[in-house]
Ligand SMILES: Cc1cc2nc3c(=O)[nH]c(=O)nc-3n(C[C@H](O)[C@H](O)[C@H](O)COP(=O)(O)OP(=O)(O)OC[C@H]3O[C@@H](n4cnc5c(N)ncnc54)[C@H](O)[C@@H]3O)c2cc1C
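Below, in C-alpha cells: the form predicted alone, a single chain.
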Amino acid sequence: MSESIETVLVWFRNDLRVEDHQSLHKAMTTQKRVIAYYAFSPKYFEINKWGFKKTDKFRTQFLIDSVLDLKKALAKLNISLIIDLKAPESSLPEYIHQYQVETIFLQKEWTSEEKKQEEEIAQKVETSLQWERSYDQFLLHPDDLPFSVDQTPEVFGNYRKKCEKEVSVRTLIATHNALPVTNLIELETPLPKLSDLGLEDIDLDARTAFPFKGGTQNALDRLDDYFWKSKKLSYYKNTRNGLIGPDYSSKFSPWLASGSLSPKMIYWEIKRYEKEIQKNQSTYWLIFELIWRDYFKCISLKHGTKIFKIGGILNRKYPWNDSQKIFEQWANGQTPEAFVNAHMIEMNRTGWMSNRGRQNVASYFAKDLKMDWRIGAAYFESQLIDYDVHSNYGNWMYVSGVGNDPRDRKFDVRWQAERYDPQAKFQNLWLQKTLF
C-alpha cells in the first residue's frame, strides 16, 4: 500500500480536458494529492446484441488521441493520469484502496450504463469514500433553468425561447496553477493501440470531411481556424447543410462529445467574435445548435431509460422490423437509394457523416425500411467519432416518430438528394469505384 497521504481522484470519462473543468478545479483546491483516472473498459469494445462492436475503430482512435492530449495537459499541472485497460468497476476500487482515495470528483452522468458502473464501484469501496459530482457538459447549467427537469418542455422551440429569455451562460472556470511536482505518483500506464483493444488499424481516406485528431489542442486549433483565420463562422448558417469538405460546418461535435471542448468554451469565443468581428444569423445559429445539444440532455434527464426503449418517450407501438439482411444492406450502403448509400459508405470509411446525411439515413431506416430504430442508433454509436448518448438517441427518437418531433416528419430521400446534392457530387465522391 502507498504511504498515507490524503488523496483525491478525478475520474475522467466524457470530459477529457483541463480547461473549464469543474471537477478538476474542485480537486485541485482541496490542498490534497490529486490523481486522475481514465478507463478503456473492455466492455466498450465487445460485440453487441446486434452483431457489431459497441465502439469501433474511428471513435476509439479519436478517444486515444484525446486521452493522450489530456495526459500531456495533466502532466503540466503535475497530475498523474492512470490509464486503465480493465473495467473501472473491477480495478478502480483497487486504485482507490492503493492510494487511500478519500473523494472521487467526476462529471455527473445519469444514463443507465454509467450509473450502474458507479453503483458497482461504490459497493466495493469503503462507505467513507465521498463522491463529488458536477454537471459539466451543458451550455446552460441545469440549476439555472427556469423549470425543473420534470417540467422540461416536450417541444424544442418552447424550451429554447424560455431559456434564451431567462438563462445566462456561466463564466468559464479558471484553470488552476500547477501543483507541486511532489504531487506526481510513480506509475507507468501507457496508452493502448487499436490492436490492443481488438480493433483494426485505420487507413485515412483522403475524401474525409473530418481530417482532424482528438484532443483539446486540436480542438482549439480548429476553433481558431474556423473563427479567426478563415472567419467561416460568419457563413455557418449558409453552409451547415453542406456535404463535402471540412469547412461546410464547424465540426466541433467530436470534441464536444469527448469533452475535449466544453460548450461554454465555444459560446464565449462566439461572443468575442461577435464583439470583434461580426454578429449575424450565423453566429447565433451556432449557439442555437449548442442549445439543441443541451435540450436532448434535458430530455434524457427527464425521461431516463425511455430514450433506449423501442417505443421511445411517447410509448408508441409500431410494427418494427429487425431483419439482419435489411440492416446489413443499409449499414453497408447497398440500398436502392444512392443518397443513403453514399452517406453510409462515408461513415464506414471515416467515422463521420453530415447532419443532413444523418437525418436522411435515419429517417429512411425507420420510416421507409421500418427497421427497429434502436439498431440504427447503436450502429451510429459504434461508428461515429462524435457519438453522444443523449444527442444520438434523442435524434433517432425524433426522426423515428417516438420522440420530440411534434409533426412526425418523414424525409423524402430523393427530394433531399436533388436539393442538397443537385449535381450528385457527394454521391459520386463516395460511390465511385476507385478506392483512396
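All residue numbers refer to positions in the sequence shown, first residue = 1. Given the structure is predicted, the values throughout are model-derived calculations rather than measurements.
Just so it is clear, the following notes concern the form predicted together with the named molecule, a form of the same protein that is not shown.
Considering non-hydrogen atoms and a 4.5 Å limit, does the named molecule approach Leu63 in the predicted bound form?
No, Leu63 stays farther than 4.5 Å from the named molecule in the predicted bound form.
Does the named molecule come within 4.5 Å of any heavy atom of Glu346 in the predicted bound form?
Answer no; every heavy atom of Glu346 is more than 4.5 Å from the named molecule in the predicted bound form.
So, Ser391 and the named molecule: in the predicted bound form, are they within 4.5 Å at any heavy atom pair?
Taking the distances in the predicted bound form, the answer for Ser391 is yes, it comes within 4.5 Å of the named molecule.
Looking in the predicted bound form, any heavy atom of Phe105 within 4.5 Å of the named molecule?
Close contact is absent here: in the predicted bound form, Phe105 is far from the named molecule, nothing within 4.5 Å, heavy atoms only.
Where, among 383-391, 48-56, 29-37, 401-409, do residues come within 4.5 Å of the named molecule in the predicted bound form by heavy atom distance?
Heavy-atom contact with the partner occurs in 383-391.
Is it the case in the predicted bound form that Trp320, Phe339 and Val413 each bring at least one heavy atom within 4.5 Å of the named molecule?
Not one of the three qualifies.
State the residue from Ile313, Ala362, Leu81, Cys298 whose non-hydrogen atoms include one within 4.5 Å of the named molecule in the predicted bound form.
Checking each option against the named molecule in the predicted bound form, the one that comes within 4.5 Å is Ala362.
Just one of Leu140, Ile307, Leu256, Leu223 has a heavy atom within 4.5 Å of the named molecule in the predicted bound form. Which one?
Looking at the other structure, the residue within range turns out to be Leu256.
Which residues from 393-414 come close to the named molecule in the predicted bound form, meaning a heavy atom within 4.5 Å?
If the 4.5 Å heavy-atom criterion is applied to the named molecule in the predicted bound form, 393-414 yields Asn395, Trp396, Val399.
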